[in-house]
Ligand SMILES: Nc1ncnc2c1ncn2[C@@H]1O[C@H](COP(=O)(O)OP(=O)(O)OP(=O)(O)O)[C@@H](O)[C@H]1O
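There is one chain below, alone, in structure tokens, taken in the form predicted alone.
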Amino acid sequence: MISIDKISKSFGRFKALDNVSFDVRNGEVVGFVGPNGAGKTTTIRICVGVLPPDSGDVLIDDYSVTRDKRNASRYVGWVPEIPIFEPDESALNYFVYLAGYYGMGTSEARSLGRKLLEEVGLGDSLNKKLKNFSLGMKKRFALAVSMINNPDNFIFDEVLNGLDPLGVAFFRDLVKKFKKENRAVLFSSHILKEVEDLADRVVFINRGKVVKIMTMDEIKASAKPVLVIKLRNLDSRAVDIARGYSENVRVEKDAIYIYNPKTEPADIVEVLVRSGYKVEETKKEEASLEEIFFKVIGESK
């Protein structure tokens, strides 16, 4: 279990975190979302003992990261947003070196390294130097390293960035496996669809403060349907027309997203066509975490 208790952190005059508290229970997957600079990475770095808080504490299976960092670190696996390793070492040799910090002998570490690197899809790169790894390969290597001591808690910071589709699928299956094994998983991601598919709860953070915590059931219950209209000649007047049918309208590329429209889609399309717009496509979707994200973050500004 990961318990974050009233942590605050400032860098000079900038307050990166302000009294942040939440937990991740055993057998639970918690998504951690917010805009760039909201405080996600700072929170995670404090959780794994890389960065000290100005106040507050984090407990990893009841071990304090501020008072007993050595034991706390043994019970958590971590993948940073940008993994940094010794570039001139081979994957297997560096894995063995890192395993030594957990008191593991060379023979045992090499055996475990081959097993875990194979599991994350790096079985053909055991002797390849880490400087020749792509970002996705470094993320896979970091995943293997995070499992060295078989911890009950995992923290992933934007682990999906740089992963190819096979890597994303592997991570998704890995998280589901951890959940079944009653481990606690905290992961931050800008890919809200993946958060929606994996998380039991979502913690929203903005400007260094936790602004809302919701279960996925609560998110699904509060989400409203969205009408997507793709226009060949989209302009601000078309957006103004759409705003007459919803309090929540968003534009992305050549499409208007109308959340919880007040009338039938055909009526809105008819008005746009009569106003001279060429409608190329319309579709009705169930709204998702993305809608809730924009609403929660918008309300917290």
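Numbers follow the displayed sequence, beginning with 1. These numbers come from a predicted model, not from an experiment.
Unshown form predicted in complex with the ligand; subsequent notes refer to it.
Relative to the ligand in the model of the complex, residues Glu89, Phe133 and Gly167 are all farther than 4.5 Å at every heavy atom. The ligand in the model of the complex comes within 4.5 Å of no heavy atom belonging to Pro52. Under a 4.5 angstroms non-hydrogen atom cutoff, the ligand in the model of the complex has Gly37 among its neighbouring residues. Within 4.5 Å of some heavy atom of the ligand in the model of the complex lies at least one heavy atom of Glu158. When contacts are judged by a 4.5 Å heavy atom cut-off, Ala16 counts as touching the ligand in the model of the complex. Only one of 52-60, 271-279, 254-262, 38-46 places residue heavy atoms within 4.5 angstroms of the ligand in the model of the complex, namely 38-46.
Between the ligand and the residues Glu194, Glu81, Glu218, Asp152, the one pair within 4.5 Å by heavy atoms in the model of the complex involves Glu81.
Proximity to the ligand in the model of the complex, defined as a heavy atom within 4.5 Å, holds among His190, Arg172, Lys230, Arg114 only for His190.
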